[in-house]
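A lone chain, given as structure tokens: the form predicted on its own.
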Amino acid sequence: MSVTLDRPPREIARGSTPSPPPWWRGRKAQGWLYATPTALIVGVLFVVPLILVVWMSLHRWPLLGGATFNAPDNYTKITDNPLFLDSVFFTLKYTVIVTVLLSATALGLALLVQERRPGVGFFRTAFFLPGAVGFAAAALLFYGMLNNDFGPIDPILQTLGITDEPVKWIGSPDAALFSTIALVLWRFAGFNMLILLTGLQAIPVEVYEAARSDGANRWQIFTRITLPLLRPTIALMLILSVTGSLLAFDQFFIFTNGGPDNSTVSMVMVVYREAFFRFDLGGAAAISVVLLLALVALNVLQMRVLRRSQ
């Protein structure tokens, strides 16, 4: 006696799943589908505003009123702005100082908490904790601590006999610059330490053991093993530090307000003043485009130098 089946046994089996449609089987289709949400976000939040900024930079675009085409006037008049030229010099000086000090501090902290020993978890958390504070909140915190009228730092220093009178923390150009640098170091040293610590822990322990067995001292291990193997992580930290320093705005706007006497005006602050003080959105857009091109060129140069050194 024979039994006939109306459909193949594979379709009758429980738990069987239907095969995906033909358009889904290709890796290219899957990749496009997975990348679509990110591409939409990048397009809406970056590409479209970038196109709008470039378009604005080619027009006389007041805050109120219609726009008129005036290319390339917005770009040619950038050098006529003395505040912009001063801001370029100041931003570059600030970037160099912050990058060097922040890199050295972060590397020192990372080496300090690299090895597992009692209490190292507490220090890792303590060093990273300022990174959880918002940058605007950190700037307000430093402003309250260093304020000559109600800040607690000056009374403490005078009580200890370190100073005889209140220190003008943001009252002179040099003091304002280095007070801001102290704020940035406190805020970002722990974050950069975490980046470097990740790179340090990725170095195999066997490499260090082999170097010690060959008689290498600590300085030789650091210069010939740690630094070369840590180079990709250092490259990432440098790119983040340089980019963040060139785009500095919050610390100067909140902490020093560009003072005293416009001595701490960064390039981004010039963009802000052009747009919302002089109501020249076209000129502000032109400065933004120039700053973007400089950032792209600098990052490309950094990557090429680091790749050649590898």
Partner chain sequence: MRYYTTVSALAVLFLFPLLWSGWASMEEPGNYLEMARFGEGLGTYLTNSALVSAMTVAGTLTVSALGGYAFARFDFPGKNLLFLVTLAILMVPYATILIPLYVLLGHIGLQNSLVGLSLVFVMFQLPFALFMMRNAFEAIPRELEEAAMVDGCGTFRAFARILLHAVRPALVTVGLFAFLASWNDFFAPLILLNDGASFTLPVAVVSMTQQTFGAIDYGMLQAGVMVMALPCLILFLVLQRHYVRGFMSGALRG
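The structure presented is a predicted model; accordingly, all values stated were derived computationally and were not measured. Numbering follows the first chain given and starts at 1. Each form is matched to the other, and the largest set of C-alpha atoms that superpose within 1.5 Å is called the rigid core.
Omitted here: the form predicted together with its partner chain. The next part is about that form.
- Heavy atoms within 4.5 Å of its partner chain in the predicted complex are found in exactly one of 219 to 227, 87 to 95, 74 to 82, 128 to 136, that being 128 to 136.
- Annotation: in the predicted complex, residues L109, G151 and A284 each come within 4.5 Å of its partner chain through at least one heavy atom.
- Proximity of G144 to its partner chain in the predicted complex: non-hydrogen atoms within 4.5 Å are present.
- In the predicted complex, A67 stays away from its partner chain, with no heavy atom inside 4.5 Å.
- Taking non-hydrogen atoms only, I156 approaches its partner chain to within 4.5 angstroms in the predicted complex.
- In the predicted complex, its partner chain lies within 4.5 Å of some heavy atom of Q201.
- Residues of 270 to 303 placing a heavy atom within 4.5 Å of its partner chain in the predicted complex, in sequence order: V271, Y272, A275, F276, L281, A284, S288, L291, L292, L295, V296, N299, V300, M303.
- Once the cores line up, the CA of T38 ends up 2 angstroms or more apart between the shown form and the other one.
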